[in-house]
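The chain below stands alone and is given as structure tokens, in the form predicted on its own.
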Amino acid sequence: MVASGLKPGMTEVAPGWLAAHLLTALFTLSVTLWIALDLAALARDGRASPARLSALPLVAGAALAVQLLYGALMAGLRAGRVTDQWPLMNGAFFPGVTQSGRSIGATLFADPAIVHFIHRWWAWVVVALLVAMARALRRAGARRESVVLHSLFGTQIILGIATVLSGVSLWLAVLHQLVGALLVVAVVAGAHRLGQDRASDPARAMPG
């Protein structure tokens, strides 16, 4: 990753490698936390079964991973500086590409304006899924986990908008990244809590 920033014409890490590094670290954190929660449940109850990942947390986690990918690309491309407006981008809803004649892949993952556009609006897909997950937690009796999840994604949205409006103030950007990592922890913990119910209920644990 470091070597990617030592090529001619580059003085910083390539955005793709930055994103890969971040997602690998967060995936490792998630797996470690899941195993730790399984072990904690086993310590409390020697008969506890490993939690099973259910469909809603899986979809919510995948959507969050996409958002984190684009968050890393935002940082690597400095795409937050494309505009300091919200919800519009330089007076328009869709900013258009900044570099014409590129492939679809390059446009989606390397054009700062498009990366910024996707990151700011995909966030609402993630929010919708996390609201559904938080409500599932509340129904399962996990009110604390539901409140934490609501609080973190609400804070994250506010910080994201504030970061853009501030022209990417460094302390806001860093806080936005920190809360993003905490949100990953909350989603994993919530998924594990729902997964414990699934593992303890033979009917839910059956395929289909």
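Quantities reported herein were computed from a predicted structural model and do not represent experimental measurements. Position 1 is the first residue in the sequence shown; the rest follow in order.
Beyond what is shown, the protein has a form predicted together with protoporphyrin IX containing FE (HEM); the following relates to that form.
Proximity to protoporphyrin IX containing FE (HEM) in the predicted bound form, taken as heavy atoms within 4.5 Å, picks out 166-174 from the listed stretches 166-174, 142-150, 49-57, 36-44.
At least one heavy atom of Met74 is located within 4.5 Å of protoporphyrin IX containing FE (HEM) in the predicted bound form.
With a 4.5 Å cutoff on heavy atoms, Gly61 does not count as touching protoporphyrin IX containing FE (HEM) in the predicted bound form; it lies far away. Interface residue remark: Trp86 is counted as part of the site for protoporphyrin IX containing FE (HEM) in the predicted bound form, having a heavy atom within 4.5 Å. Proximity of Ser30 to protoporphyrin IX containing FE (HEM) in the predicted bound form falls outside the 4.5 Å heavy atom cutoff. For the options Ala123, Ala136, Ala113, Leu129, the residue carrying a heavy atom within 4.5 angstroms of protoporphyrin IX containing FE (HEM) in the predicted bound form is Ala123. In the predicted bound form, the residues of 142-166 lying within 4.5 Å of protoporphyrin IX containing FE (HEM) by at least one heavy atom are, in order, Gln156, Ile157, Gly160, Ile161, Thr163, Val164.
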